[in-house]
Structure formats: C-alpha cells, structure tokens
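Below, in structure tokens: the form predicted on its own, a single chain.
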Amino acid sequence: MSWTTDEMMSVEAARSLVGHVSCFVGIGLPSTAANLARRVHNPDLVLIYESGAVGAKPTRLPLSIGDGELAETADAVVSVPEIFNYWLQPGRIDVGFLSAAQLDRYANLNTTFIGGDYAHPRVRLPGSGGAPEIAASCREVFIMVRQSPRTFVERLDFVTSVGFGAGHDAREKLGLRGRGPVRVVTDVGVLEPDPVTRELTLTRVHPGVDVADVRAATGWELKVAPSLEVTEPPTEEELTVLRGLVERSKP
C-alpha cells in the first residue's frame, strides 16, 4: 500500500504511545495519532481532553475540545479545574501530545502569534489553551508537527510553551515537573533531544526521505545522530484504521 507523508507521521506518532497509560490530547494532528494508537497499538490508553473528558473513545476525530462526541464516549466528564488541578499539574498524566505553529531547536513552542508584536501581530494564532501546563507537567511530552523552515525556526516569535528553554539544565532551573519533550514526530522524520545539550537531534527518517531533505526543512543547522534509523513503513492495518477515522470525520 502507498501512503502520504501525513499518514506516515500519524502512524509513527501513534506507535510512540505503546506502553503508556494516559495521554493528554491536543486537537488536530495529535488527536489523530492518539485515536489511532488506541485502536491499533494500545487499546487501554486513556485519552484525556482539557474540556474534562477522561477516557474518551470518539468514533470520529473531534472537531474541538468541546466536541460533544468526547463527552458522550468518555468514562467520566469532570470540570476543567479538576483536569488541571488534580490530573495534570501533580504529574498524574503520562504523555502530553502537542502541536505548534513554530518550534525551535530546544523544542520550545509558539501557538500565540507570528510576525509583528503581541499587540499588533501579522498572524494571530489560537493561543496557549492548556499547552503551557501540558508542556510543564506531563511526565513526557510528544510533539507532532509538519516540518518546514517556516515552522522549525531559529527564533520563536513568541514562547507559548517551554520545552527546554535555552537548553542544558534550563528546564530544571525553572522548576518544571515533567521531563519535557522527548520526541518530535514530523512528516519527514523523528527528532529527540540530546541528553546533555537538549538540542533536538534527527534520530530517524521516514522511508524515502534523505537527511538533506530534513535539513532543508529546518531553520537551523540540524544535528544528526550517528546511528540514524529508518522508520518502518505503515502496515495495512494502521492505514486502514487511520483512513477510516479520517473518512468518518468528513462533513
């Protein structure tokens, strides 16, 4: 079977959730991957959305965190303060799954604005939502985003959610609870933070992608792991389930 770059990204991101118990899910690309993971790789995965849905099992991809499908299929629906104060901030959630409009070499994220300044931006983005708390408090953070020089930038226009700050031990000095971003899955490969500097390093490329392609899609001089791996292609089951999810979500 053939596949698209977005499908390869969703499949590889879903595989990242094997072995995890709970996932705080962002809408969009992360929600696609998390719902695919629950159907194929980790049927006991508890999906949590910031609107209060705990253990959501949507039959289609939700349009927003307020989509009624989440509440109707959840094991429980609690208040937003409980989601944040009881579940998220004390570090009770395994994985936070995020996306962004901009990302830098230390996995800091921007979902606030692009160009200009805060009061007069060129593009006003959706804003932070719960992303800063997710990035700060989940035990681990996965990021899923399409890779291009416009997205992978040398300097963010605004730091919405902290990954590793300025690198090294900056995150620990800020007193952030979780380990931070441990994996960035894109449409061309996978990046992981260097254990010392915390700078994102290319550790895996998807089938048919060259390192040169990834470097061309990055706004800084990208470091590459000496033992670079190649992602396993999607299986027929992964693609069938993924496409079914997408098809049921069409208007």
Partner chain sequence: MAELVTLADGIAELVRDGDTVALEGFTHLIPSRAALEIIRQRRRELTLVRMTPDIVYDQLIGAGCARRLVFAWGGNPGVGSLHRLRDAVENGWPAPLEIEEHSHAGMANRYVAGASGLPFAVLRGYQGTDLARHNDTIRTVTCPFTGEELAAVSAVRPDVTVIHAQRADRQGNVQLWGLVGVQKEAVLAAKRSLVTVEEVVDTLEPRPDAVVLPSWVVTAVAEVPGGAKPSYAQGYYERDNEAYRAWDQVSRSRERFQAWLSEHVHAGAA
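Remember, it's a predicted structure, so these values are computed and weren't measured experimentally. Numbering follows the first chain given and starts at 1.
A second form of this protein, the form predicted in complex with the partner chain, is not displayed here; the remarks below concern that form.
Contact annotation for the candidate site: S64, V80 and N85 all lie close to the partner chain in the predicted complex (heavy atom within 4.5 Å). This chain is drawn without the partner chain; in the predicted complex, the residue among T218, S51, T32, T203 with a heavy atom within 4.5 Å of it is S51. Shown alone here, V153 lies farther than 4.5 Å from the partner chain in the predicted complex, counting heavy atoms only.
Contact between R179 and the partner chain in the predicted complex is not found at the 4.5 Å heavy atom cutoff.
With a 4.5 Å cutoff on heavy atoms, V46 counts as touching the partner chain in the predicted complex.
At the 4.5 Å threshold, heavy atoms of R146 stay clear of the partner chain in the predicted complex, well away from it. Residues of 207-226 that come within 4.5 Å of the partner chain in the predicted complex, judged by any heavy atom, do not exist; none qualify.
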